[in-house]
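As a starting point, one isolated chain is supplied in C-alpha cells, in the form predicted alone.
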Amino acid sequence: MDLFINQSVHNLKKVQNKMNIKIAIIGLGYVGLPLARLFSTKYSVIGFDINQKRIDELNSGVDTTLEVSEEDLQKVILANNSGEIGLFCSNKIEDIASCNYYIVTVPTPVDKNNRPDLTPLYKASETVGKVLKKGDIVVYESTVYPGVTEDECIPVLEKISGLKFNIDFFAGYSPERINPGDKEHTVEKILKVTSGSTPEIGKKVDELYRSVITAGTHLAPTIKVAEAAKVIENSQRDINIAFVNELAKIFNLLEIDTQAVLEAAGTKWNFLPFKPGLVGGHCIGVDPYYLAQKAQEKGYHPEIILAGRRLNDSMGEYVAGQVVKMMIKKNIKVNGAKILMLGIAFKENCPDVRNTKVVDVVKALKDFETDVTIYDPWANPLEVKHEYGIETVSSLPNNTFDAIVLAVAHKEFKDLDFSKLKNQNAIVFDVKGVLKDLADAKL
C-alpha cells in the first residue's frame, strides 16, 4: 500500500512539474520553429522572433521555410488557444517574461573575413537577460566554438539581469542537428546531445529534451564537451567533402569519371560515401571557421580544417572555369553567352539560401561577361535579392541557352526537357551528378 501511495505521489509530482514548465524559443528560423512545434505538443511554448512578418505568418499557420507543415503548425497554434499547451508566437518581450526555460536558436554566421560573428547570440542573450528570473534555465542550441556559452553568453545574461550564474539562474547547451528539407530525419528523430552548467541542471535539461525526442538523448559531461561535439560534426563532414572535391579535380585532369570511381570504391564496406559538390549552408560551410578561430586564439594553426575550407570555397570558381573551358572547346562565344543556372538554394528541395555557394559560380561566370539566368522554383526571389543582390526567377524561362548548369538537385530539374532549353551545340554541366547521360560533363 505504501509503495502504491509513494508511486502515486511521484507521478503527481511529475505531472505538476510538467505543468509548471513554460518554454520560450528565441529565434523562429529553420532550427527554432521545428523545435517550438515539437515542444508545444506537450508544453506551453512562446516562440519569440524580432521579425513581425514572420510572427504574423506563423500565428496564421504558415511556415515559409517549409520545415513545418501547415497542418502540424495549425494544430499547435489552435491548441494554444484552447488549453495550457501549444504554441504562440510573438515579438513582444513581455510575452516571454513568464517562461522558465529559454532556448536560444539564433544563427551564428561568419563575417566577410570568415571570422565568427556572435552578434545574434549577444542580442538574444540581452533579450533573455531582460526577463530572466531566479531559477530559470537558459539553453543554447546555436553552433559555436567551445566556451562561447559560458565565456561569452553568460556574462551578458548576468550583466543585463543582475543575477548570478549557477546561483540565481542556470544554463545548458544542446546543439541543433536540423537538416533543412529532410522530412525523414525530423527533429524528434535525431538523437540529441544535451548538457548543463551543473550535474543537476544537466539532468533537468536532458529530461526536458528526452520528453519529446523519440530518438533519445546523450547527456554530455560539460557544456564545453557538447559545444565541441557539435562543431566537429560539421568540420569532419567538410573535410571529407573537400577530399572528394580534390579527387574530382584530379580525375577530371585524368579524364576519369569521378562518379564511377566513387561507385566502385563504395563497394567496400567501410568506404565513406561522400560526393563532390558546392559546400554551403548554415553549418558545414561555416562551423569549421568557429573551431579554427578558437584554435588560433590558443596559438595552434589548424592546417587540415582550413585546407579543407579553402578547397571547398574554391569550387564555385572551379565549376565556372570548367563550364567556360567546355564552351571554348565547342566554339561557343563566351562573351555575351546565355547561361541557365538551375538552382540557387544551398541544397535540394528546400528554399534555404543561407551561405549558398551557387552565388560563387554565378559571380565567376559573370566575370566572363556571360548573361546568367537563375531559375529556382524553391527559393524566394526577394530573399535572394536581399541576401546577394542577384535576380532569380521562379518559373522556367521560355528561352534557349548556350550552356546549362545544374547546380542544385531539385526534383523538378530531373524531369526537364533539356532539348527545348539548349541552343544548337549547347553544353550541360551537372554539378550534382544526377542527370546521367543528359549531361556533357559533371564533377
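In case it trips you up, residue 1 is the first one in the sequence shown, and so on. Quick caveat: nothing in here was measured; it's all calculated off a predicted structure.
What comes next is about the form predicted together with a small molecule, which is not displayed.
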> For residue 230, is any heavy atom within 4.5 Å of the small molecule in the predicted bound form, or not?
Replying inline: yes
>> My question is simply whether residue 178 lines the interface with the small molecule in the predicted bound form - judged by any non-hydrogen atom within 4.5 Å.
In response: yes
> Does any heavy atom of residue 356 come within 4.5 Å of a heavy atom of the small molecule in the predicted bound form?
Replying inline: no
> Does residue 218 reach the small molecule in the predicted bound form, with heavy atoms at most 4.5 Å apart?
Replying inline: no
>> in the predicted bound form, does every one of 110, 279 and 285 come within 4.5 Å of the small molecule, counting any heavy atom?
In response: no
> For the chain shown here without its partner, which stretch in 254 to 262, 202 to 210, 72 to 80, 137 to 145 has non-hydrogen atoms within 4.5 angstroms of the small molecule in the predicted bound form?
Replying inline: 137 to 145
> Out of 123, 133, 115, 325, which one falls within 4.5 Å of the small molecule in the predicted bound form, going by heavy atoms?
Replying inline: 123
> in the predicted bound form, which of the listed residues (245, 105, 149, 195) lies with a heavy atom within 4.5 Å of the small molecule?
Replying inline: 105
